[in-house]
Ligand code: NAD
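Coming up is one lone chain in structure tokens, specifically the form predicted alone.
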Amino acid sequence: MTSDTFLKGKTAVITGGTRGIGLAIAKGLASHGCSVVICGRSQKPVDEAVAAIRDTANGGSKVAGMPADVSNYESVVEFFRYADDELGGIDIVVNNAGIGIFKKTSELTVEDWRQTIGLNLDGVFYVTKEALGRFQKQSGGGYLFQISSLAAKNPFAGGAAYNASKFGLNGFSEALMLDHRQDNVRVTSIMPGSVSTEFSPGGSTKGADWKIAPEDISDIVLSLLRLPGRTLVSRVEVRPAKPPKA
């Protein structure tokens, strides 16, 4: 356990925090003294993730979580009320919850499209809207991390819905940054390539020797949080250093 508690007294909300990138970020923040509230789709994974995060927590970090569907605005409102009660204030928000449905455009159903846009784009707006209302009441503002993807700039066959959601996420995030940079709100989009998680084709073990580790994304978030408030890295592209040769 690290003794560096540079985030002690800070608080964070993380969507999709029960596994993969979200869980790694939650653990990283808690290990440096940040109190964390996560959400996931159902109670059991949330409970398991909270226990795992508490094992890494340092500096008196508080850790809590609840199930929430971020594609539903009322659910997001309830989640933020819960976070208010648990944390008393919110400094950092990580929009990580997402879904990938990969089919040829002609094979995508209307429900496939709605699920993808609903979680990957609408959900980010709902969470951001709740976060901004709280940041604007705080003189210190806040920091929003949007977990995007290299698919936000590189279309691929079978990715019509996913590409659209991530292209939209990047456009939304950059406009958001311009809207609120004078309000002490910092916004960073992190765009990973292949990450060794359950989200990746083949699961978390296939390609683990060359793919980005979720902890690498957590380290990037921590590095950005160490920067002085005068400096903003608005977009980070992250790719495996040495993928297999085609």
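No experiment lies behind these values; they were computed from the predicted model shown. Just count from 1 along the sequence shown to find any residue number.
The form predicted together with the named molecule exists for this protein as well; it is not shown, and the discussion that follows is about that form.
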{"item": "Options 105-113, 158-166, 83-91, 171-179; stretch whose heavy atom lies within 4.5 Å of the named molecule in the model of the complex", "value": "158-166"}
{"item": "Three-residue site Cys39, Gly98 and Ser148 fully in contact with the named molecule in the model of the complex at 4.5 Å by heavy atom", "value": "yes"}
{"item": "The named molecule contact at Ile21 in the model of the complex, heavy atom, 4.5 Å", "value": "yes"}
{"item": "4.5 Å heavy atom contact, Thr197 and the named molecule in the model of the complex", "value": "yes"}
{"item": "4.5 Å heavy atom contact, Asp216 to the named molecule in the model of the complex", "value": "no"}
{"item": "The named molecule contact at Glu48 in the model of the complex, heavy atom, 4.5 Å", "value": "no"}
{"item": "Contact residue in the model of the complex, chosen from Val221, Val187, Ile53, Ala68 - any heavy atom within 4.5 Å of the named molecule", "value": "Ala68"}
